[in-house]
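Given as structure tokens, the chain that follows is alone and in the form predicted alone.
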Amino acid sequence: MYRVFDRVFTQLVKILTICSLLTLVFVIIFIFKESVVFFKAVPVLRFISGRSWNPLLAADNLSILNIILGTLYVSLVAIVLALPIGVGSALLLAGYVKGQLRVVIRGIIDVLAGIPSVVYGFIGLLVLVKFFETTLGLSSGESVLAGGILLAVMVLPYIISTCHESMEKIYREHAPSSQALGVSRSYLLRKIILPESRRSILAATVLALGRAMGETMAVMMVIGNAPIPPRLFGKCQTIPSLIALEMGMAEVGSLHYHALFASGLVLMLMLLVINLILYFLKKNILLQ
């Protein structure tokens, strides 16, 4: 009976895995198919190197360099802000927080990861944007910095969770020996736990960066959505916000419609390239 159940369960898992892979393949094929129509009218290089996005003009005015830069800028600001806080919080949880308190803190972190992005965006619009307008004297608080801070808060739970699991395991392995040798806890965390957790830190960075680059609603509410060269205290636009804002008003089958699919394809390729670069860094540097 148990053997039959095991075989059925194994086959079910295989079928579900194949279905997931096929779904991913079909999505990629569909986006690629819709993008090819646009690239027949506008060369790929012109599309990703031009700085003008105006669907009301000729096809040559559909290019997304400023939008690509905005996507990268906002995401990198978020990672720069969130990574030190996330790694430090994971070290604190692994080395200093014990028992029920750790469970409560981890529960709060998991709750933060489950809050809808539109709620983060609404809070960012009322708090961050308003703060920049009143305190910094900006004409508009919608900016790259506002989007970066908001994204940093959103990706923080993913960084903490990914790093904490690895750090806690390493800490349990080395804590008895370090205590027997009289090594301080802070020295153990700085010199042993942190260096040995570099792979999990890199994995957390990849996860957080992918999450940040793909975020739509929250970022869209605080960055101003202007396809202009991004500045830290200026407005910008990201590829997800561009697609979300304009897909509903683009005529199906128009060049504008296919340009939005091409933008999504560019975003997918950006994420693929970043993941490949970090993978080779992990393989060739961190494992030496």
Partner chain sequence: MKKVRDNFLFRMWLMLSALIVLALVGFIIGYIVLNGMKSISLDFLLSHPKGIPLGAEGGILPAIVGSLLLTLIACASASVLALATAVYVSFYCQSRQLETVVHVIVQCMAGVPSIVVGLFGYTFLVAKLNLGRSLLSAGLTLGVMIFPFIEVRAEKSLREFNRAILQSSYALGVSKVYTLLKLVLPQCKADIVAAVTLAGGFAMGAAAPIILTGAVIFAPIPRSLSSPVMALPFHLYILTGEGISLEKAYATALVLMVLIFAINIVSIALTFRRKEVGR
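Because the structure is predicted, anything quoted here is derived from the model rather than measured. Positions refer to the first chain, counted from 1. Rigid core (definition): largest C-alpha set, two forms, superposition within 1.5 Å.
There is also a form predicted in complex with its partner chain; it is not shown, and the following applies to it.
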Exactly one residue in 170, 206, 72, 194 has a non-hydrogen atom within 4.5 Å of its partner chain in the predicted complex; which is it?
194
Of 140, 134, 184, 177, the only residue with a heavy atom within 4.5 Å of its partner chain in the predicted complex is 184
Residues 55, 228 and 281 are flagged as a possible site; in the predicted complex, is every one of them within 4.5 Å of its partner chain by some non-hydrogen atom?
no
Using the partner position in the predicted complex, report whether residue 160 sits within 4.5 Å of its partner chain, counting heavy atoms only.
yes
I'd like to check something about residue 111: if you look in the predicted complex, is any of its heavy atoms closer than or equal to 4.5 Å to a heavy atom of its partner chain?
yes
Is residue 198 part of the interface with its partner chain in the predicted complex - any heavy atom within 4.5 Å?
no
Examine residue 233 and determine whether its closest non-hydrogen atom to its partner chain in the predicted complex is within 4.5 angstroms.
no
Residue by residue through 202 to 228, tell me which have a non-hydrogen atom within 4.5 angstroms of its partner chain in the predicted complex.
214, 216, 217, 220, 221
Is there a C-alpha shift of 2 Å or more at residue 274 between this form and the one not shown once the rigid core is superposed?
yes
